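A single chain comes next, written as structure tokens; it is the form predicted alone.
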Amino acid sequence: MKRTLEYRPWRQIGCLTVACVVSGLIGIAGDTATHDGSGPQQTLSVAEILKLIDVDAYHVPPLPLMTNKNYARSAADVEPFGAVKPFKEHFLAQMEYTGPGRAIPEPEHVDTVKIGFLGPIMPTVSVATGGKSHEENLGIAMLRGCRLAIEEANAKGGYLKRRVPFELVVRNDNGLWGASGNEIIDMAYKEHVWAILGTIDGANTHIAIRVALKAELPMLTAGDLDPTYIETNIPWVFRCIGDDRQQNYILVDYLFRKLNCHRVAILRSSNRYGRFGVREIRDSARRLGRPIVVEMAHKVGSRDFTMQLDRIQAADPDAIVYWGDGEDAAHALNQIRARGMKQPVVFCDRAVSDEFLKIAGPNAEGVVCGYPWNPDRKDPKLDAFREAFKKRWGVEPDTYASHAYDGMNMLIWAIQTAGLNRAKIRDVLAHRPDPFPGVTGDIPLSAALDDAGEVFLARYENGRWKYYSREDMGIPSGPVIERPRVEREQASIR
């Protein structure tokens, strides 16, 4: 029996309010399928999903909705509000799309099937980026991965139902909030793209996904690791890369549980990437009773860290966490070592780069970084991708190119499977019964449509990066959360 719901268009009412309203609507969602947080484990096949979503504008398909035991693999002793019962635990139950979009028919005439790309590919200057933009090398890598995926799909026949090619619609993310929103509007209503991949900057992505929500357009990021990206809990928003929250948790366990550090300092860039990148390290340290002794910020592109390091050195930390761009990280590391400071220094994933190694030189030996995947895996898909990428572009693919390639292939698969209907494209992505087999590894989506796959540590040893899982390095974990806290407390009351 089909369920009927009144359709009420969303209203853009601000960052925090949208997250609360969206999460609050979980209570009216359909049947749920509970699993342990490792990704979708549904009983429905893709064929069954396609039958269920074949509805008119007045009905909502009874798709099973995921629930997770915890959010982003958090241990009980670093979980927020561990000492009190929260009014609502967000992001553990999947949001339901209740709009009429599934009833929109495919267009009669299609020359190409357009997919959008939004990323920093041309230098700009803006207040939002703190001056001159600095992520073009990352955006260009993403664009190359997307282009390769499109070219390979077209070589296999393009959009198979119509035998027309895929077309990549490329827009520059210039670091201005309003401009990034305008680009999404242009792609959604003028170019008529069926989905969008982008972008990297956390602030710009937040604006873009709210426009995508209003336009009811699937948007997937392969480069924005900002934890708050997925905390909007928008049912049109996806991520195919492990975020900074997940990397924070493995670094926290490495520093506090394996190395037994008690006094950790943080040095980070003063932009959104640095500020939100270390948030869970700072919060987890406090919850473990070992608060961060000092946190210092610097402008993006700084080359003199004297003031910051004076204060960090005076605090006499056991270890230092750095979060920022690879070049800045290398200069900071060199100045740390020049002072005779021998503490372990751990970095974010952007330090795993040629620029970092070139500048840091011998100081790079032994450096440990959080990393969203294991490039050393033995996988024929990964080998074939590396060969094709190097042949096409003349360079080895980095993490941004690799995840963008996976993300674009996820969108292409969804379009091939669901047809030219944005809501149905969203449905097959959000309710896919098994992880997507990417070159970066299997990509299972959580209830919040975030990549719930394993994250790793990268360590520079004898002239190369080596990648280690938690088990490889013997990193202990905190107590495992078996059920959501509210469910546990209700059970104890009974």
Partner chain sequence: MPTKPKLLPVQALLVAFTALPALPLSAADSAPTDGEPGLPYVYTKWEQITTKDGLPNDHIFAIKADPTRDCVWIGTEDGLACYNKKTRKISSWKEKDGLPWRVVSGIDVDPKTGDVWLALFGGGLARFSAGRFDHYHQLNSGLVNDVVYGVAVIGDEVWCATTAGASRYNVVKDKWNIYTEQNAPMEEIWNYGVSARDGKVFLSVWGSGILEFDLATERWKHYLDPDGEMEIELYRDDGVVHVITTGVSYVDKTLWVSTYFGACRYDGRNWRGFFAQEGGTPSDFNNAARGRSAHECWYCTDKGIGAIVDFETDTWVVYTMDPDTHEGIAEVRRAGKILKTLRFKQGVPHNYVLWAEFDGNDVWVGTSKGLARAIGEGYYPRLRPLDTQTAGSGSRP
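Positions refer to the first chain, counted from 1. Predicted, not measured: the structure shown is a model, and the values here were computed from it.
The form predicted in complex with its partner chain is left out here; the points below concern that form.
What I'd like checked is whether F87, K190 and T228 together line its partner chain in the predicted bound form, meaning each has a non-hydrogen atom within 4.5 Å of it. All of them do, each having a heavy atom within 4.5 Å of the partner.
Taking the shortest heavy atom distance, is N233 within 4.5 Å of its partner chain in the predicted bound form? The answer is yes: N233 has a heavy atom within 4.5 Å of its partner chain.
Check D283 for me: does it contact its partner chain in the predicted bound form (non-hydrogen atoms, 4.5 angstroms)? Close contact exists here: in the predicted bound form, D283 approaches its partner chain to within 4.5 Å, heavy atoms only.
According to a 4.5 angstroms non-hydrogen atom cut-off, is R73 in contact with its partner chain in the predicted bound form? R73: no contact with its partner chain in the predicted bound form.
Report yes if any heavy atom of R162 sits within 4.5 Å of a heavy atom of its partner chain in the predicted bound form; otherwise report no. Residue-level check for R162: no, no contact with its partner chain.
Of the options R392, R275, K258, K358, which one has a non-hydrogen atom that comes within 4.5 Å of its partner chain in the predicted bound form? None of the others qualify; the residue that does is R275.
Heavy atom within 4.5 Å of its partner chain in the predicted bound form - residue from G326, P317, G181, P375: Among G326, P317, G181, P375, a heavy atom within 4.5 Å of its partner chain in the predicted bound form occurs only for G181.
Picking from 381-389, 250-258, 200-208, 303-311, which part of the chain touches its partner chain in the predicted bound form when contact means heavy atoms within 4.5 Å? Correct option: 200-208.
Residues of 236-258 having any heavy atom within 4.5 Å of its partner chain in the predicted bound form, listed in sequence order: The stretch touches the partner through R245 alone.
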